[in-house]
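Read the single chain below, which is given as structure tokens and is the form predicted on its own.
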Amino acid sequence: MDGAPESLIPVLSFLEGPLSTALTTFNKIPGSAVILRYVKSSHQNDPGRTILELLLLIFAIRTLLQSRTRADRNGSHYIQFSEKEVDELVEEWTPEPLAAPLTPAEQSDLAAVPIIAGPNGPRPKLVSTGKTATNLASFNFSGLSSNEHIKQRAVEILRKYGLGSCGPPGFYGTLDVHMDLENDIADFLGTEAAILYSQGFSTVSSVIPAFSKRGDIIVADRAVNFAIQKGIEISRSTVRWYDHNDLGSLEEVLISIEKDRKRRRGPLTRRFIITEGIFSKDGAMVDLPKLIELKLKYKYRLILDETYSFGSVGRTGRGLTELYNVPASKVDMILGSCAVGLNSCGGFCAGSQIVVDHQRINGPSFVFSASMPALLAVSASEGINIIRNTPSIFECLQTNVHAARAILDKLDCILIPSHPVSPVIHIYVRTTDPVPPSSAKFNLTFASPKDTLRLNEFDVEERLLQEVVEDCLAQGVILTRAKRLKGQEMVEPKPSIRLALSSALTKKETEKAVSVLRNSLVKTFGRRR
């Protein structure tokens, strides 16, 4: 205080005592030395930062101390309405609709959906006619939906466990039957482990962001399904696309990525190739051995979505790894659907123990969604036992596939992009212009008049195919057009009729139903010409 003005000496003397007491008290607080050292270091390196932090501290204290319930009590900022005026405003108010009203085409599509009386299956009964129809619309490849043994086991489990699991797997939602099903899937596919998801759609959309993060690289087929698109979007990774089911295009993309990394001298990141086994949009099938060769050559991890190939192809329904005689360990993550392949619900991811354990704490759907009901887990396990011990199921399925293709391949008015062994068969309208069967060619961007014209052509083709569907329904054959999420997906697939063949039907029943379809196609397209 020697250099201070004489007028300030009394004030400083008064403050010296309280400040000394406060400093002594502060030094007794655990961790105070760390705070003091941080403040001194921060002030020494950047004095302006000290002032800014002090201001922020004052602002925080002021915010905490002021009343958060303070209101304008005198009402000067409010408009006063009488009761009559309030009632008039309420009567005049019209809320916005939750969704846009259906277009005439959408209303027509909704009205055309057949209603089933009783359980669904290969031969359901229609409410409209009361007659039995042949079902070529539902995914029932192995015929498990009508299996009486599975129904009896489901009833037993329902009485023992009740209906719902009442919680996510990590929070009292895991039952012994869930663990049994995971072990059954891993053993069936030949992987170290497997993990269950309670919804089929959220399986792949949870697996992708669990592993691939911002800065990582994903190389994906342009025509992957909507669930994969959502998973890629959530991951916020760097995405490169290759032409639909074109592994030559895939290799070009992989080479360009590596050249770009070396040019930028960028670090190595996690890199994934994502594709489907059998594509939902057109039934095409990926060449798995060639895909694995590329993955190993360029050091990528492979995420293979086998939603439509698990439980449908291979000698015992194990999917593409069995069909191509490739060890399951060569694929980093095999994803499948218990709903499609086993007529239950949910999905799974099979792979190494490390891959599975990582998802138990990082898979969004696994962490936050309730586990699947116990009765459906047991139904899936029983389904695996049935298809494991009855390989004739898939011999019958392939017989039906070959019978259907033998009839349809002879028609000149249609185009079939699906693989010859795929039980999911898409039927396109053959146009005068050479239209590639790849759904990746049809982009939803309305940037050019050409795209708009193409979408208008799609609308015409949809109406034409819907006529065929309704004509077949009138003759006792249930079909469906492949549904689209207009304006939401990355690519716009060409309209198609989608057949889902089943081993629960005999060859004769399949041929009869497909012949009805053939005749309807010829008749409808003949009128068009």
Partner chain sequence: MPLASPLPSPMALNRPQQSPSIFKKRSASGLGSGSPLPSSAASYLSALSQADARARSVSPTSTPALSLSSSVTSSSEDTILHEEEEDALMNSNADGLLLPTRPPNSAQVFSTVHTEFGHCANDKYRTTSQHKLGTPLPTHVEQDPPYYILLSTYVSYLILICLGHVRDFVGKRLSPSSYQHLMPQHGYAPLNSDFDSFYTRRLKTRMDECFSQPVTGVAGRTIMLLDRTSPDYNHTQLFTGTRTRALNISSYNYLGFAQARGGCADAVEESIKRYGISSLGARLEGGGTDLHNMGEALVANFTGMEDALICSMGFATNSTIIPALVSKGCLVISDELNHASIRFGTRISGASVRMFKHNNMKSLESLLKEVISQGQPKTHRPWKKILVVVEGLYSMEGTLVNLPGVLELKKKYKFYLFVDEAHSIGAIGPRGRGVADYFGVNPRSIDILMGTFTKSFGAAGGYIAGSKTIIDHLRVNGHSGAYAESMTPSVLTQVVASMASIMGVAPPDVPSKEIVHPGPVASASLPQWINLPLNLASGEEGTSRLRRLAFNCRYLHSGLIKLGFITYGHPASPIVPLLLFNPGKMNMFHKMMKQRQTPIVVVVVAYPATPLVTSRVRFCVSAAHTKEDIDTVLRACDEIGDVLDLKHGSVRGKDRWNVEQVIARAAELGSNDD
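What you are looking at is a predicted structure, and each value in this text was computed from that prediction instead of being measured. Positions refer to the first chain, counted from 1. Here, rigid core means the biggest group of C-alpha atoms that superpose within 1.5 Å across both forms.
Absent from the display: the form predicted together with its partner chain. The rest refers to it.
- The stretch among 321 to 329, 243 to 251, 369 to 377, 397 to 405 whose residues place heavy atoms within 4.5 Å of its partner chain in the model of the complex is 369 to 377.
- Using a 4.5 Å cutoff between non-hydrogen atoms, Gly118 counts as a contact of its partner chain in the model of the complex.
- When contacts are judged by a 4.5 Å heavy atom cut-off, Met179 counts as touching its partner chain in the model of the complex.
- Its partner chain is not drawn, but in the model of the complex it has no heavy atom within 4.5 Å of Asp412.
- Among heavy atoms of Pro417, none comes within 4.5 Å of its partner chain in the model of the complex.
- Every residue in the set Ser202, Arg301 and Val355 has a non-hydrogen atom no more than 4.5 Å from its partner chain in the model of the complex.
- Checking Arg264, Lys84, Arg159, Lys131 for any heavy atom within 4.5 Å of its partner chain in the model of the complex turns up a single hit: Arg159.
- Exactly one listed residue, out of Arg430, Arg236, Lys290, Arg315, brings a non-hydrogen atom to within 4.5 Å of its partner chain in the model of the complex: Arg236.
- Of the residues in 88 to 117, those that come within 4.5 Å of its partner chain in the model of the complex through at least one heavy atom are, in sequence order, Leu89, Val90, Glu91, Glu92, Trp93, Pro95, Glu96, Pro97, Leu98, Ala99, Ala100, Pro101, Leu102, Glu106, Leu110, Val113, Pro114, Ile115, Ile116, Ala117.
- In the core-superposed comparison between this form and the one not shown, the C-alpha atom of Asp412 has shifted by less than 2 angstroms.
- In this overlay on the rigid core, Lys299 has a C-alpha that sits less than 2 Å away from its partner position between this form and the one not shown.
- Here Lys259 does not count as shifted, since its C-alpha moves by less than 2 Å between this form and the one not shown after the core is aligned.
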